[in-house]
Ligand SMILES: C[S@@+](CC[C@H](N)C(=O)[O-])C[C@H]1O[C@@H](n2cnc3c(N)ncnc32)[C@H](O)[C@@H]1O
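Given as structure tokens, the chain that follows is alone and in the form predicted alone.
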């Protein structure tokens, strides 16, 4: 059995961490303590600030639920509801209230009443959580992993088997971006693993994974977007693993962009549904994974291949992906593509088939370690460098000026046509262009005001 501490490194400076008597980890070089949450190491570059941000996101999620419950209560005050409609809304409201209580209980380790870290810490380290990732972003995956997704889970494991071939010994394995943990669990329990480290940055997913792989049965509601039958809009699910994981299965929280591990610590690194969504260029990510692998280690990838970054040149094809992997200190990857079920909940009409791209690539050489990932540029961190006059900034500046000018024309007397005449006189646009543009802008402002009023 491997001592997990021997694998861990500070995500700030890459020095080895020390385990303290209180169960927390400490970096002697940075003088920073990394706590644990429900027994899982919290290994973010700025642990206090990250914890504070996740607390904020939980508060936001709970406020959203509170707002939705208030809206449902207003709907129930209407006198034009059909009996079946009223029954459905009452049932859904009760489920939502129970779901809110369950989330508070499950996420109790985050200690909602405590103060978080300062935003300046994020700026100094240039690390931050992805703005599009909330606690509930992958909530449906919890139910797929631990309630009804047997067909997809079995198919997913088979993709890993297909690229492994006869070389099934995985040794010490790291799963980066593990989500709610089912694929990591299946690989660990059904294939030849010595020690498995399971990492994700979402505490809700990790707390669920911790509970079920420890032998607990959790109950959480599933809320399908497209319910199949009456009563399917809120379905209470029992979440349970086939059996508890053994003592060589370990979970921790951290950022795949700043992996908190010593170089060459793993025989296998698995990236499920990660390489096309992470905020890192694929060549840099490949180099990071190379750095984590031992001399004869392997990289296993599984998931879709749907790069969607702003730069067209970075939306890599399958052939480009294979070439990048092969040029990053790996042998030509062994690839397998297959169409498998994806998110086919028995309570939803939205299940589909997804063609997944899996590969196994053996490490053949060390490559230069890439620079630490930095989420923010120098001019934004220090405040001393000139702010670049980028095309997007110029466009936004012009748009803001036009919007501000339109808002200045609102005096309770002018109509949309009157405002369009003013814009034409200022040579900003013709009256024919201005009128629909102003109407569209004011419609958005009106809708935003209505939403705020409902809140």
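Positions refer to the first chain, counted from 1. What you see is a predicted model; the values in this text were computed from it and never measured.
Keep in mind that the form predicted in complex with the ligand is missing from the display, and what follows is about it.
Could you spot which one of 367, 277, 194, 323 gets a heavy atom to within 4.5 Å of the ligand in the predicted complex? After the contact test, the surviving option is 277.
Tell me, which of 152, 267, 255, 233 has a heavy atom within 4.5 angstroms of the ligand in the predicted complex? Checked against the cut-off, the match is 255.
Classify residue 178 as contacting or not contacting the ligand in the predicted complex by the rule of any non-hydrogen atom within 4.5 angstroms, answering yes or no. Yes, residue 178 sits close enough to the ligand in the predicted complex that at least one of its heavy atoms falls within 4.5 Å.
Exercise: residue 222 in contact with the ligand in the predicted complex, heavy atom 4.5 Å: Judged by the heavy-atom cut-off of 4.5 Å, residue 222 is well away from the ligand in the predicted complex.
Can you work out whether residue 227 and the ligand are in contact in the predicted complex, taking contact to mean some heavy atom pair no more than 4.5 Å apart? No - in the predicted complex, heavy atoms of residue 227 and the ligand never come within 4.5 Å of each other.
Verify the contact flag for residue 261: yes if a non-hydrogen atom of it lies within 4.5 Å of a non-hydrogen atom of the ligand in the predicted complex, no if not. Close contact is absent here: in the predicted complex, residue 261 is far from the ligand, nothing within 4.5 Å, heavy atoms only.
Only one of these stretches, 359-367, 199-207, 91-99, 165-173, has heavy atoms within 4.5 Å of the ligand in the predicted complex; which one is it? Correct option: 199-207.
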